[in-house]
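Next up: just one chain, as structure tokens, the form predicted on its own.
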């Protein structure tokens, strides 16, 4: 793998090169008191000098003592909103007299560059690849946008309070699924980025940048930074036999305890980078001459999600929380041969009452010991 050094002064060249290659850049920026993913025009759009404090049910922005570009963890947004939009029109129909015209929505033509993708988030994209591209029924929008995507990852050198990617074997180092990976080196006298190309596309991008070859000492600095993040994990989840553990404890009293706290607000599924449930909505105008079909994100925490003739199959908070957690950590393996959890910790941070998926699983395991 080719490794090079890009100085902080020349980091803007990455933006310029991506634009010249025809990519629109999406990456971290600050908005509404959080670090979110949005369109970026220049380096100053990044959350320079900011980090995030996260624990169960709490997220706060904090000023760093340095000018790090990637000195944060993950916020409420995930990259799936660009590959699997929260709301997308599928088709529209217009009637003019006896003529009916149906138009399907066009597929994306824009080339996107994801900048600052963490290792756990890369794994989430790879999981959604299986969901939307791996089966018999493939999603054409996802396929098209994914094929036009370049992934510029960022290795984690600091972990957040709700991170547990080490437990899920998804981080903190990026090992696959990227075109280019960045490791930020920030010391008293230097601010540089170690770049590693992971694909021919990444090598092409690297060739357009004003870089120099990395020394063995600088490559070692990457290892040290990633090891530091691994030591700082805010949570731990024992995944050994987790599928069987949850499936044989379907009637465990712990489900009742967590259900007393759960608001069924669906925050955990909305912020999750792998959840993929959706619903279809048909709309029409008052004249009946215009109709549209939309696909919207949905959640297994809503009553309507499992509604069949006669009512909802999962009418209680207990049944809905149990469905979500056992699907994420157990039956997802049956569907996609992988876990549905990547250890990003978002569901813990953004739960209003601080329900912790690692705590709930570990409590069930402990009861068997």
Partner chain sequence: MELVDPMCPLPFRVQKVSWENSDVVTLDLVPESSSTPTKFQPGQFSMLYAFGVGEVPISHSGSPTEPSRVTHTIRTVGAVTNAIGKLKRGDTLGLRGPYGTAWPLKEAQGKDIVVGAGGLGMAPLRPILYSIAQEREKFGKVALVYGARDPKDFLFKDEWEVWKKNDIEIHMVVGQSTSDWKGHVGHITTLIPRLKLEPEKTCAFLCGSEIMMRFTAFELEKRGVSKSHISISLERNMKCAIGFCGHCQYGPHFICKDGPVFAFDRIEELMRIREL
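A quick note: this is a predicted structure, and the numbers were derived from the prediction, not measured. Residue numbers count along the first chain shown, from 1.
Below, we refer to the form predicted in complex with the partner chain, which is not included among the displayed structures.
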Out of 282, 244, 187, 109, which one falls within 4.5 Å of the partner chain in the predicted complex, going by heavy atoms?
282
Which of 304, 32, 62, 337 has a heavy atom within 4.5 Å of the partner chain in the predicted complex?
304
Contact between residue 81 and the partner chain in the predicted complex at 4.5 Å, heavy atoms?
no
Contact flag, residue 298 vs the partner chain in the predicted complex, heavy atom cut 4.5 Å:
yes
Heavy atom to heavy atom, is residue 253 within 4.5 Å of the partner chain in the predicted complex?
no
Can you tell me whether residue 289 touches the partner chain? I mean in the predicted complex, with a 4.5 angstroms heavy atom cut-off.
yes
Within 4.5 Å of the partner chain in the predicted complex, do 114, 231 and 236 each have at least one heavy atom?
no
Going by heavy atoms within 4.5 Å, which of 304-312, 51-59, 64-72, 32-40 lines up against the partner chain in the predicted complex?
304-312
Within 94-131, the residues that have a heavy atom no more than 4.5 Å from the partner chain in the predicted complex
94, 95, 98, 99, 100, 102, 104, 107, 131
